[in-house]
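One chain comes next, on its own, written out as structure tokens in the form predicted alone.
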């Protein structure tokens, strides 16, 4: 039997058991705790981990998935816009890969419906990894260690791009961050939050922030216009959801980002223009809610946001199988 069908990722766990996750929290809140990842196909996850860290999936042999979604830095690269092949400047801020399986879609404009679909995009994007799916398959097919891994997971030695993206998605589904201080408070620990963070959460709710930032991922489940009360001024040419739908009404609609681990994922917004949480809270208050927060209120909301930092993924770095004489050579500056 094809082993890929034995995997139940966190997205499926949520689909089947979100009510259970909510029931695990004695507090009736618009935000629910992050559930632990459930792994039923460890071999696929391990293969996906190797692929996630392998720069040979790029034309240069230098850029991996982890380059822009650094798992030591909150699943981002902490710069305004990512750096692609030949030092090309990316058009948009790199969203975190952590808890991304909880989003309704991937990318700021939602053009990928799943993690699997998203995983194939950067490989073939000339501004990112600048490879082709065919060459990526050729590289992996030329490496005996990978051929053996794919045979173990998928039951055949001939591999394709669907297998590659299946495996990467399986690994990414495990990148959840449970047990933040806020989650512990949701589960009944009255001492998990400081008084300042608790006041910030109450203000966060009273202000209406939870209309968009709710659920286990504190966001990621809807598209909203950037600049509801006042227009958002940006040098970015990105138009948001309209690039996917072609509808003018969708201009500047972006996927609401998760606020999980937000203290780690600076700078903020699709253009990375807000360098600090304080600045981001101030801008969102004015542009989205028509509210000018005081310095004290901003401090309270920031304290709450920092309580959303959960347990970061911890694992042994994969040892990648060596290339062979037949492996296509990287072209770093081509």
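Just so you know, these numbers come straight off a predicted model, no measurement behind them. Numbering follows the first chain given and starts at 1.
A second form of this protein, the form predicted together with another copy of the chain, is not displayed here; the remarks below concern that form.
Using a 4.5 angstroms threshold between heavy atoms, residue 77 counts as touching another copy of the chain in the predicted complex. In the predicted complex, no heavy atom of residue 29 sits within 4.5 Å of another copy of the chain. The closest non-hydrogen atom of residue 257 lies beyond 4.5 Å of another copy of the chain in the predicted complex.
Residue contact with another copy of the chain in the predicted complex: residue 63 places a heavy atom within 4.5 Å of it. For the options 105, 184, 244, 71, the one in contact with another copy of the chain in the predicted complex, meaning a heavy atom within 4.5 Å, is 71. A heavy atom within 4.5 Å of another copy of the chain in the predicted complex is found for one listed residue only; from 55, 42, 299, 290, this is 55. Contact annotation: another copy of the chain lies within 4.5 Å of heavy atoms from the stretch 88-96 in the predicted complex, the single such stretch among 235-243, 249-257, 88-96, 108-116.
Residues 312, 313, 314, 315, 316, 317, 318, 319, 320, 322, 323, 325, 329, 330, 332, 333 are the ones in 295-334 with at least one heavy atom within 4.5 Å of another copy of the chain in the predicted complex, listed in sequence order.
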